[in-house]
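The chain that follows stands alone, in the form predicted on its own, written as structure tokens.
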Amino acid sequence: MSTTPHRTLPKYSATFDRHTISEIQRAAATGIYDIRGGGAKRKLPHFDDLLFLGASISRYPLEGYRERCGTDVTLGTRFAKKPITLKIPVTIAGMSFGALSGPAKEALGRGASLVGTSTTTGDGGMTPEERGHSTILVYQYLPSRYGMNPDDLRKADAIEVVIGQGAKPGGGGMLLGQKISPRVAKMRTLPEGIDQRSASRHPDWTGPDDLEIKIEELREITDWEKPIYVKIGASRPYYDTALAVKSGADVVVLDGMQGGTAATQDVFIEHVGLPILSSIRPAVQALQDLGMHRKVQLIVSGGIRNGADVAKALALGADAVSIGTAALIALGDNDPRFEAEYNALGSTAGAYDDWQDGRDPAGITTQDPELASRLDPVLAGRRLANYLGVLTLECQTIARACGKSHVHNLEPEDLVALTIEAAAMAGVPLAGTNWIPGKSGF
């Protein structure tokens, strides 16, 4: 009989797990907070908590390969002389030249153009390659004003005034020195190789009345041709949407906390803002209360991954969605074939921890000329176009199954929730009941 005493296996704490312990140790050793790229990594309520109710006897489905289901969307119909029409309800979010390499920006433009949708400049200005390969290009007007000039505003097809970002509403971002190449420095009028922090608020206005004046100014500069978007990070979506409408926005872009960022504080990414699932309903309610739903278009973003996510966002009242992280993955970022190189950076494919340090082996989130040359913008653009096509087909498949001849005909009545939390956030019934938490009746 063994005399070795029996010992139970060590038990890890749910509060002080391995990552938390390592972060405390890192903070104690360095005295600085962690800065990284990507989006929130914690589990949050999301579109997976919703399901569609396909047609059966009480609803009549459309035949998938014989009956049309439209996907087009027109943006900027409120005031702009030249609204833009997209063939699909999926757009490419703003990601800067600086955060991304030149070939990556070109690839985004190529891929979006192949399927008839738009891409967006991001912070730092417009590159000739991006404008040249983007059939529809949205110009972001940010607090930093990096690279901003009126000529580029006029060259764009729409202007997006960025108030906040889902990963960091209320906070500015970082561009670390190793990404400030000579070309990036020239475009942004910055010193080469020096860390730069983007501002958290615009320098020349402080509230909605000033924003109204700024939008009027942008309209005058562009002869009232361009649709004006206002982008807000999800934190107080009802009031922020209402104030954007009051200020004269043609389009409101609502970004949830699952949205990514080039670099900011990890504590910001994980603990500030709202999941997009909880933010769409109050934004739509604000538009409905003002009589502006579908008159002012709503684009939502933050964690869109597949056609089901697109369909669910549209069913909750959005006009279109925007993707960032998923688009970079489609281009080829965080590919397992670079696993050894990610490991050398202290990361792994799919973790996104390497984004902020400018050494992306895939050549996408870097300014290193040797690494950037690894990305073929033509091939990467085709990959993105393939992915966007699949998103659209999946969304159409769901819409047809719900008996809809256009994806914009999807509605909350087509949805149920799997959890009480999701039911309350999305304003749809808990599956198997007619109960919407927060509303009377069962």
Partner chain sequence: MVQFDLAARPLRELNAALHALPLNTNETHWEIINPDGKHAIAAGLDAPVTVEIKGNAGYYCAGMNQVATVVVHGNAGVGVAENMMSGRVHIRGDVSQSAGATGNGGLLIVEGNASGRCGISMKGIDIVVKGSIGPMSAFMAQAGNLVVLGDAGEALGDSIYEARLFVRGTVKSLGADCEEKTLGADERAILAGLLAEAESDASVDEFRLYGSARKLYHFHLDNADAY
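Residue numbers count along the first chain shown, from 1. Since the structure is predicted, the reported quantities are computational estimates derived from the model, not experimental observations.
The following text describes the form predicted in complex with the partner chain, which does not appear among the structures shown.
With the partner chain omitted here, the record of contacts in the predicted bound form names 208 to 216 of 240 to 248, 285 to 293, 208 to 216, 268 to 276, defined by a heavy atom within 4.5 Å.
At a distance threshold of 4.5 angstroms between non-hydrogen atoms, residue 188 is in contact with the partner chain in the predicted bound form.
Heavy atoms of residue 149 reach within 4.5 Å of the partner chain in the predicted bound form, making it an interface residue. Interface residue remark: residue 297 is not counted as part of the site for the partner chain in the predicted bound form, having no heavy atom within 4.5 Å. Among residues of the shown chain, residue 174 is one whose heavy atoms approach the partner chain to within 4.5 Å in the predicted bound form. 203 is the sole member of 336, 132, 203, 369 with a non-hydrogen atom within 4.5 Å of the partner chain in the predicted bound form.
Contact annotation: of the candidates 308, 114, 351, 221, the single residue with a non-hydrogen atom within 4.5 angstroms of the partner chain in the predicted bound form is 221.
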